[in-house]
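This document starts with one chain, in the form predicted alone, laid out as structure tokens.
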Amino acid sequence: MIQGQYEAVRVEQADGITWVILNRPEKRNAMNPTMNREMVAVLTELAVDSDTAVLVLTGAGEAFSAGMDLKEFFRDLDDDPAGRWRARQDAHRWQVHLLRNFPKPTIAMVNGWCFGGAFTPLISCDLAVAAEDAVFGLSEVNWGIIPGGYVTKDLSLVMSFRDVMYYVMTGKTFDGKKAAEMRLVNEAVPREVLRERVVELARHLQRLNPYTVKACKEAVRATWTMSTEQAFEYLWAKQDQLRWVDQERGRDRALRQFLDEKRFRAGLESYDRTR
């Protein structure tokens, strides 16, 4: 169980699902230095928390996050080089390093506004489900700036070149249905069933071998920008590593149950983790 009280983040835990909630609803959960600092602490602790099987990142109220807090993250730090450096390091650490390398499955639940800098933690999560009426936008062009940090690069990894160019250059918004169509999120559902759908997805992940799930997400991320030859070598080594670290001996159990005992249909269901 996670310890500590936070000002800009709320953590709720139930039955293996940990809900990490960006908690500045009056600011549409804009990410300020306090939130970034607290998210570093939260993710560091949850990474080794035995009560966390799946992490869900979402926002309080009617927004996922409106991006970086323009006043606190930018204007207030203009004349504070040390503070600006710390704030940028905290933002990078939780949004990129800690979230992308989180050892448990992560799901972004986009419950409303998702703008600018919020695209990085969204893309850093392994999976994403959005409300159909959620509003997405890259409004930086309207502010005389570009989508900074990792946002522009991250968009190019999950969306097509034409879609990225269109929304970055125009600043136009789009909804959850369009986000799913462009593959920014896995799917979009009506707002009233959003949480139910995320719980259903989390429960499915919980039923699977956690060592294998961890290895699968690491393999996808590691090979994302590798050459074919590099990926081939990496994946063979990763498979060998999994056989050593998997305390459930999933590969051995699955082969025995499928080939010898004829207990399940390969590719259609999981092996029995209790035998």
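Numbers follow the displayed sequence, beginning with 1. What you see is a predicted model, and the numbers here were worked out from it, not measured in a lab.
Same protein, other form: the form predicted in complex with a small molecule, not shown, and the subject of what follows.
Trainee: For W143, is any heavy atom within 4.5 Å of the small molecule in the model of the complex, or not?
Mentor: Although the small molecule is absent here, W143 would touch it in the model of the complex, with heavy atoms inside 4.5 Å.
Trainee: Answer yes if any heavy atom of G59 is within 4.5 Å of a heavy atom of the small molecule in the model of the complex; otherwise answer no.
Mentor: It does not: once the small molecule is placed as it appears in the model of the complex, G59 has no heavy atom within 4.5 Å of it.
Trainee: Classify S139 as contacting or not contacting the small molecule in the model of the complex by the rule of any non-hydrogen atom within 4.5 angstroms, answering yes or no.
Mentor: Residue-level check for S139: yes, a contact with the small molecule.
Trainee: My question is simply whether A66 lines the interface with the small molecule in the model of the complex - judged by any non-hydrogen atom within 4.5 Å.
Mentor: Although the small molecule is absent here, A66 would touch it in the model of the complex, with heavy atoms inside 4.5 Å.
Trainee: Using a 4.5 Å heavy atom cut-off, which residue among V213, L70, A222, A41 comes into contact with the small molecule in the model of the complex?
Mentor: Among V213, L70, A222, A41, a heavy atom within 4.5 Å of the small molecule in the model of the complex occurs only for L70.
Trainee: Heavy atom within 4.5 Å of the small molecule in the model of the complex: which of F102, Y150, Y167, F115 fits that? Just give me the one.
Mentor: Spelling it out, the residue with a heavy atom inside the cut-off is F115.
Trainee: Of 47 to 55, 25 to 33, 213 to 221, 229 to 237, which is the one stretch near the small molecule in the model of the complex, taking non-hydrogen atoms within 4.5 angstroms as near?
Mentor: Every other range fails; the passing one is 25 to 33.
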